[in-house]
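Shown here is one chain on its own, the form predicted alone, set out as structure tokens.
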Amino acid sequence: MDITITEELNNTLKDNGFKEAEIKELIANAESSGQKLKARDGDISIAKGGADNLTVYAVYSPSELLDVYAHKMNIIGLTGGELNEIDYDDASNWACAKCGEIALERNVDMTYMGVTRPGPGLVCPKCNEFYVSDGVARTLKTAEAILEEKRA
């Protein structure tokens, strides 16, 4: 898969310490494993990967990298521990590329520096994989900075 990266996004990668080769590898792994979310109405996908203390997401089309974001919080699971029936429609605009299930918008427990809090996530109900949107990742980045400042 040959992904184009605009100069603007390439600058964003550099500013945030991401390496182009690592992002392309993340996408290649998602494509080969099917472990990604795919937009239900288009060709946009979200790949997820990273190390123990950083989860990186790449949003991409078949030809272009559209966004990259990350968070340090570790998603430990669904809030409440189980995927229970709810009274409202929680189907997201995303589907799991691996199993085809529609990803659900549910709260997940996230932990960082000994603090655990619930937050909105995207959950594959079959694979039990968790993702966050770029907007949630921005909020998490702020929360991470506050926790780091309190520890300093």
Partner chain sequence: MPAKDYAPIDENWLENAGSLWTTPWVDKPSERVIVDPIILSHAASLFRKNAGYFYQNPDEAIRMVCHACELYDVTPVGHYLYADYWGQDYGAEIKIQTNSPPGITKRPIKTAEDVDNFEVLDSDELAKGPTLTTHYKALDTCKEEFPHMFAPITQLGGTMEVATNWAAIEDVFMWMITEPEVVDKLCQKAGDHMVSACKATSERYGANVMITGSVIASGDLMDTEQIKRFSFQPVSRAVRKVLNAGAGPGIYYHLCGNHTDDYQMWKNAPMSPFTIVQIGYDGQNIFPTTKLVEAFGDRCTCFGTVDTKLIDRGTPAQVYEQAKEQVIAGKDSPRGFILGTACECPTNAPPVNVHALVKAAKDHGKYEKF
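Positions refer to the first chain, counted from 1. Note that the coordinates shown come from a computational prediction; the quantities given were computed from them, not determined experimentally.
Beyond what is shown, the protein has a form predicted in complex with its partner chain; the following relates to that form.
At least one heavy atom of residue 139 is located within 4.5 Å of its partner chain in the model of the complex. By the criterion of a heavy atom within 4.5 Å, residue 106 is counted among the residues contacting its partner chain in the model of the complex. Residue contact check for residue 133: one or more of its heavy atoms lie within 4.5 Å of its partner chain in the model of the complex. Its partner chain is not drawn, but in the model of the complex it has a heavy atom within 4.5 Å of residue 147.
In terms of contact with its partner chain in the model of the complex, the residue from 100, 62, 50, 120 that brings a heavy atom within 4.5 Å is 120. Only one segment in the set 42-50, 29-37, 62-70, 112-120 has any non-hydrogen atom within 4.5 angstroms of its partner chain in the model of the complex, and it is 112-120.
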